[in-house]
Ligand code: CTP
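In the block that follows, a single chain appears as structure tokens, in the form predicted alone.
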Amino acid sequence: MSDNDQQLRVSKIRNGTVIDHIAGGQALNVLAILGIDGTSGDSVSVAMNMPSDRLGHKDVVKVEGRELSQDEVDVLSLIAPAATINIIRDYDVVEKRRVERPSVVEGVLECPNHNCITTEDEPVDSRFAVGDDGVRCEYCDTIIRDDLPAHILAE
């Protein structure tokens, strides 16, 4: 058998998004960020811990029939800074870009500080400054360093 015969093959998608170069083991967190839990009927393919020259091991997520919003890409960049987003239409890649970490994410994360103004009944969207070691709430200065997907606001 040749190397090509031994590789796992995941079928192409007609329309949607392929998220490539996710750090190995982070695909499930990517699905959480995208709000994909298997109940919505989205057709999703996940490949985890695949060999990668650039990352050592990588994950790949394919989502049929959905193109990511900029807010989704911004949050995705926090846990998958090396990811590449491929937009697929009629089986062809029509757009390919690397994620870029924004300096601020707004309205997509929940502050873990229960006394923060963004967690009360005030009409204030959360706003986090993005740093190298995590994200910092711009209202109460609480820093989130770990388990970022647990702080994603439900849509």
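The first residue of the shown sequence is 1; numbering continues from there. No experiment lies behind these values; they were computed from the predicted model shown.
Keep in mind that the form predicted together with the named molecule is missing from the display, and what follows is about it.
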Do I88 and the named molecule come within 4.5 Å of each other in the predicted complex, heavy atoms counted?
yes
Look up in the predicted complex whether H21 has a non-hydrogen atom within 4.5 angstroms of the named molecule, and give yes or no.
yes
My question is simply whether T84 lines the interface with the named molecule in the predicted complex - judged by any non-hydrogen atom within 4.5 Å.
yes
Should I13 be counted as a contact of the named molecule in the predicted complex, where contact means heavy atoms within 4.5 Å?
yes
For the named molecule, considered in the predicted complex: do all three of K62, V93 and K96 come within 4.5 Å of it, counting heavy atoms only?
yes
Out of 54 to 62, 25 to 33, 102 to 110, 118 to 126, where are the residues with a heavy atom within 4.5 Å of the named molecule in the predicted complex?
54 to 62
